[in-house]
Every structure is written in C-alpha cells, then in structure tokens.
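For reference, the chain that follows is the form predicted alone, supplied as structure tokens.
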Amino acid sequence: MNPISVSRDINFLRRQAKTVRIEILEMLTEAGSGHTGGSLSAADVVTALYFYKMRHNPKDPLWKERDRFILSKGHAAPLLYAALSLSGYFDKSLLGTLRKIGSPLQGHPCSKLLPGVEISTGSLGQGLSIANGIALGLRMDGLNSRVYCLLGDGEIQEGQIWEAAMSASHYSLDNLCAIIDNNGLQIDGCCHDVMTIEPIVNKWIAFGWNVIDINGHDIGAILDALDEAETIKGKPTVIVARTVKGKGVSFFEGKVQYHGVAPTHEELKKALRELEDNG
C-alpha cells in the first residue's frame, strides 16, 4: 500500500502541476538564478510520478519498499524541490531559501542535505547508470520497488547514457523506467543543431528497450504510459515525453535563453497571472 494519497483524477493532477510550476517560478525569482525552462517542461511528468504513480512516504523517506526517483538532469532541482515540498517531505517555507548559503536546497540536489533526494545529481549523463545499479540491487533484494529516472534530451548526447542503456537491457531491468524530457533545447541551442538525438525512438528500441512516445503535457497520456511501463516484463521502458521548454508561461515557452535564467520580479507577476488565467 502507498503511504501517501494518490489520485488518477486528471483535473486534480493538472491543478497540482500548475501549483508545482508556481512554486518553481517563485523560488527561482527569489533566488535570482537557476534553471527555468527545463524545470517547467517536466512539471507534468514529475507531478504524475509523485501524486499518482510512485510509492513513497514523506514520513519515512528511507522506507525500504519505496519507489526511487533519480533526477539525472539535476539542474531542474527546483522541480524536484517543489514536488517534495508539496508531498510533505519538508515545509514549504524552505523553498524560499533555494541556492542560498547554508540552505539544503542547493542548485543541484544533494542527498546528504534533503530528505527525499535519493542521490546527488548534476553531472549530466550519470543518472541512468545510478538508476541501473539501484534497480539491480532492488531485484537482488527481492523487492518489487521501481526506479524512475528523468533525463534531459541534451543529456542523452552523453556516451555514458548509451552504455547504461545497453546494461539495463542486458540485465533485463524491467523495474526501471527512464523518462526523457524531450523539449528540443539545451543550453547551447537546439538539440538537433548541437548534436541530433533523432531518431530517438528507434535508437532506444535498438538498444533493447520498450519505448512509449507521448505528449509530455497530456496528463492522461502520462498516466497511461506509466501504467503500461509497469506491465512490461523482461526489458526496461523509456518514455519519450515530447515537451515544450518553459511550458505554462507563453513568454518562456520554446526559448533557449530561459534554459538557465531566473524570472525577474516583473516576469514573475506576469507569469503568475497567466497561470491563474489558464486555470
């Protein structure tokens, strides 16, 4: 049994994703630095994980039977912090300390400082290898827990990702689900200009994975994909979530310059009005 209340109510999850986006924008503005675009683009996926699919316990973050979430794209830390806070891992007031000296909410997640953070991440390309090890360890321990690993699309240009992809298939890690936040942009520009990752679906199939290709902002599609992933036996699953950088705020959407730039106070006011007006 999951210790937290979960819901498949799509309207509830949409509202929750909006709240996650609001928390992201407010903490980034307060910090004056951080990663806006990629935090917003994966908000729907992470909301579905924390408030629908994953088994986790804010009152016992090290609960043995919990599902594990690895934020391989660690620069999207504000997204993880918002989800953890709204789940009850720590008081919301702590969000205002993002990136401040002495705060457990560092620019990249630190597992030694904050409950609910499974592993310190930020060096891109390493998260899937870590997820492999955890998934294999869980299987060896006879636990039914699952591992979810969120990757950036620019991140999968890293060679280590593909070594990990081979390993996960070789060891038939069907308790592992990777999710690619495929928003098409990275810090230096469009992914297809820097180093194309297409044909992304065919590549993962060739590496022995079950692939689910979805609209990463369609809550229903996300829930269905997570449910399907849990039924697949004998191979790992990757969900290619087609997303929009900066999703939810029109003047951030699809703009690479907001990859690693925080909103100004004026932009925050406009963004919050827009989010409220859009329900």
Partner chain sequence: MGEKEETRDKRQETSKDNAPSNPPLKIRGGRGSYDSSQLVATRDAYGEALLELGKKRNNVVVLDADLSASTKTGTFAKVFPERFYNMGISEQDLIGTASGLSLTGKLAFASTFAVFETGRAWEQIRQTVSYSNLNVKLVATHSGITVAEDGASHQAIEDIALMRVLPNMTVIVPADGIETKQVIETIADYNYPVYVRLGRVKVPVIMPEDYKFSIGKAYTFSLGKDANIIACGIMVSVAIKAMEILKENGIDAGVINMSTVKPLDNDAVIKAAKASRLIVTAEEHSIIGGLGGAVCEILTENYPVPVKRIGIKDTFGCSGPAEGLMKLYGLTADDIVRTVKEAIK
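Here the structure is a predicted model, which means the values were calculated and not measured. Numbering follows the first chain given and starts at 1.
What comes next is about the form predicted in complex with its partner chain, which is not displayed.
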Tell me the stretch among 183-191, 140-148, 86-94, 196-204 that has any heavy atom within 4.5 angstroms of its partner chain in the predicted bound form.
140-148
The one option of Leu80, Ile156, Ala164, Leu98 with any heavy atom within 4.5 Å of its partner chain in the predicted bound form is Ala164
Look up in the predicted bound form whether Asn175 has a non-hydrogen atom within 4.5 angstroms of its partner chain, and give yes or no.
no
Check whether Pro115 has any heavy atom within 4.5 Å of a heavy atom of its partner chain in the predicted bound form, and answer yes or no.
no
Can you check whether Gly208 is within 4.5 Å of its partner chain in the predicted bound form, heavy atom basis?
no
Answer with yes or no whether Ser169 is in contact with its partner chain in the predicted bound form, where contact means some heavy atom within 4.5 Å.
no
For a quick check, can you give me the residues of 128-150 that have a heavy atom within 4.5 Å of its partner chain in the predicted bound form?
Ser129, Ile130, Asn132, Gly133, Ile134, Leu136, Gly137, Leu138, Met140, Asp141
